[in-house]
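Each of two forms of one protein chain follows alone as structure tokens, named structure 1 and structure 2.
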Structure 1
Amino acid sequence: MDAKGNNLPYLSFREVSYSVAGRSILDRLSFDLERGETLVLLGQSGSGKTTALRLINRMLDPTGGDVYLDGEPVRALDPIVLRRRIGYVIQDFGLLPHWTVAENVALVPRLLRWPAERQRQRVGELLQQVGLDPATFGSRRPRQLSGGQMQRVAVARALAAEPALLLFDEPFGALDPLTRREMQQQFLDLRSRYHLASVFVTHDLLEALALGTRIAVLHAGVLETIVTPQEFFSVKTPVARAFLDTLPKTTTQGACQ
């Protein structure tokens, strides 16, 4: 809600463009995102998905248009302060190798100077929620974990400072299919528990359909369409149809019934 009492989306892109040396990466991208929603950015490599994600936390700044977070243009916010308000999960985990699991999860609360006891309680709570016993895993180093366990730690770390927005950059792509399915279900459980807004980058349509409340298809930096998972099966745009053609026939037939 702004100063005039108007309800505003939690996250907004308004005609956002990004170019490098005259080459367009994103072209006038616009969308809104409310708390509790997950917008999946779906597209092939080079479509601009990760660039859009990095514009949200000011790893990059737009060359046109503006990104708004809770009504404020992010370009007006201090990048470090902004990033501490946003959880960020990437495919290669990004854990600090010489820190314990507990220390990795507590990274942002520590930077925010939370009291030590509050940090300890938060770490224990989150490790339990991602399926890792704090007494067993809290003192381990990342090298002592499986890929799935490291990704669970990365998700716990992203949630540690109680952000209202999470960014996911193909976080489950390197996991085996069973672990990937478990992590997807865990993501849905955590979204429901915390009522988080999230932007999720993937090139996997099945993942997009399972996790997104809406799916935005990007192609060469342009938003081709933005629809709910249920609506996706009726979309006629070229890239969306190409993604649908990758699905088993039984999936598309069941969705259309």
Structure 2
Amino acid sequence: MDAKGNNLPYLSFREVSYSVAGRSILDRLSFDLERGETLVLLGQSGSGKTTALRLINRMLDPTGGDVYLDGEPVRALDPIVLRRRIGYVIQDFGLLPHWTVAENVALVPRLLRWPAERQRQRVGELLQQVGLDPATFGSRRPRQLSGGQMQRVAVARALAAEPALLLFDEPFGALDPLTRREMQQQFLDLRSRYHLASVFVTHDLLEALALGTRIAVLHAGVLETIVTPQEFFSVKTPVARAFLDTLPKTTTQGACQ
């Protein structure tokens, strides 16, 4: 492996552990992710999915091992610069309640001091992209939105500064199945158009199968298995099996083809 070699994967976890007050929350997590790929983190509530995301943008630092981004250990990067390069949709959206939708979407470009005109243009573009009419929604405040609309604003905000890495923490949870399908399709389009790397947290196995290039099952902070969607159906580990059992039989067959 060279110093800043091209052979290094875009994002890489090497034996990454995280513990608080002697309690292990993530235990020696390792995986690699290239641009254009999506790693889906699947696991029960409390299994450590959000923690894994926070270790990437340095909202937390590992207590063991290292996270590498684009060939560099993230612990050597300035967290502020790093975070502005990453598109993060946090689990509870976290829209700023005193800002309009347009201001929320323009947050990172504003921090990066983009010219006002470019910010405005980008906001319009993104709101269109997530299916919100800029004229109708741009000037609204978050409390004037439905849960699904908030979620779409959060996605638009994450994409605003054209990040190469996306961290999506259950971004489509509050959407109805039709809108959800639409957003998933957009996610796939974006991924291939901009060759984005992404780590995607979901509880929904169908979503995992549709979006993941690989699916990692976390159980109590330990990586139980990491496989492709095709391989997932023949995995024998208990949590993966339990997730499979949640699928109706007909769906399982449908997805198998």
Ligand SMILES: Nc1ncnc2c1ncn2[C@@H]1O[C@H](COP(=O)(O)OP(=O)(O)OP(=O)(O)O)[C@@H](O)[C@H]1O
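Please read all numbers here as calculations on a predicted model, not as lab measurements. Residue positions are counted from 1 along structure 1's sequence. Here, rigid core means the biggest group of C-alpha atoms that superpose within 1.5 Å across both forms.
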(request) Assuming the other structure does not fit, state which one is the form predicted alone. (result) 1
(message) So that I can tell if residue 190 moves, could you say whether its C-alpha shifts by at least 2 Å between structures 1 and 2 after the core superposition?
(response) yes
